[in-house]
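Quick setup: one chain, the form predicted alone, written in structure tokens, and binding and motion questions come after.
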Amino acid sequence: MEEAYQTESVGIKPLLRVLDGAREAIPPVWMMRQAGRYLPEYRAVREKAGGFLDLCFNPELAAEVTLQPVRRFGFDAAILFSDILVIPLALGRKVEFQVGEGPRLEPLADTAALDSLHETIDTKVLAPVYETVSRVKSALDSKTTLIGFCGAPWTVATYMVAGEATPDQAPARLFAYRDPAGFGRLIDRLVQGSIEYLVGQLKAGAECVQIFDTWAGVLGPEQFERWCIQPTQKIVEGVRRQVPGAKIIGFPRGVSAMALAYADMTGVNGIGIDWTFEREIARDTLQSRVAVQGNVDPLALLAGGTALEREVDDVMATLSGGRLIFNLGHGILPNTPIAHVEQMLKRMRR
């Protein structure tokens, strides 16, 4: 067991300390999608904003919903309220969010369609996001970390190719198999856009960033290394060339056997694991190299009661002896009772 540090005595934020190599006696905690529909205050602001993207690009309202869960629960981090698909928007693609149906994009059906993409991201499109970051940073106290984020190139590409979410991301996988050079052009464009976007967030006030690779788990080992590990490695290196020492968390959802390779090859400071990842393996293979973030099952949080307590207790018993950022294994479900979040926090902080 690593020595636990007393954060208050050194004045460094708990989450940043963990990413920097320390262990906290009470792990820092936040939740993916912590600003969302389970909160009545969020629903009120969302109704006021109108459409989802209208909310993402309204700095005043986006800052408000970013701060709401921190005010209510005392989380150790606020995560920027935005969406991974703002990068396709900034590259010139049409993106819409339809109520009850999720995102809709102009599909990139073939290599020729890539010619319609901007060479670089349009900074004017993303300027409101950077303003949101600045607003949130100025409102946070001295112990709460501000997390920025982007979608990983592979995951963003799956939406761009298909034009929507699909069960197994077959359209993007087929594109990558049939035309790896063309698909590589798309990935390279997303890598460069992601670097610029994350650097912009860090310069605006974000203190660390997370790279969400939600669909990493649909790829086989060779494809995972090519389309997930290598692009993420390029993003990490590119960001740190402009922001030396930048703290970065990777979240390759659905990955188990390749998690160690991902951690070692990408250079991330922390790795998020989903609820299917065996905690003993994370403890024995990952925590000596990187901070581990996770991995309560969102359905256990929805269930509450003894099921939730068992889940929290197992995360803490298995992972809290090393560097841990307590979190869910994916985003909180919209119908999760607020009382269950309170129960989870009380249980893990005791």
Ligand code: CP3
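Predicted, not measured: the structure shown is a model, and the values here were computed from it. Residue numbers here begin at 1 and follow the sequence given.
There is also a form predicted together with coproporphyrinogen III (CP3); it is not shown, and the following applies to it.
- Although the partner is absent from this view, Asp83 contacts coproporphyrinogen III (CP3) in the predicted bound form, with a non-hydrogen atom inside 4.5 angstroms.
- Contact check for Val70: no non-hydrogen atom falls within 4.5 Å of coproporphyrinogen III (CP3) in the predicted bound form.
- Contact check for Lys48: every heavy atom lies farther than 4.5 Å from coproporphyrinogen III (CP3) in the predicted bound form.
- By the criterion of a heavy atom within 4.5 Å, Phe57 is excluded from the residues contacting coproporphyrinogen III (CP3) in the predicted bound form.
- A heavy atom within 4.5 Å of coproporphyrinogen III (CP3) in the predicted bound form is found for one listed residue only; from Ala263, Ala172, Leu198, Ile79, this is Ile79.
- This chain lacks the partner; the member of Gly322, Gly36, Pro298, Gly304 within 4.5 angstroms of coproporphyrinogen III (CP3) in the predicted bound form by a non-hydrogen atom is Gly36.
- Site residues Pro153, Gln192 and Trp227 are none of them in contact with coproporphyrinogen III (CP3) in the predicted bound form, judged by any heavy atom within 4.5 Å.
- Stretch-level contact analysis of 114 to 122, 173 to 181, 212 to 220, 136 to 144 against coproporphyrinogen III (CP3) in the predicted bound form, using heavy atoms and a 4.5 Å limit, identifies 212 to 220.
- Along 322 to 341, a single residue, His330, places a heavy atom within 4.5 Å of coproporphyrinogen III (CP3) in the predicted bound form.
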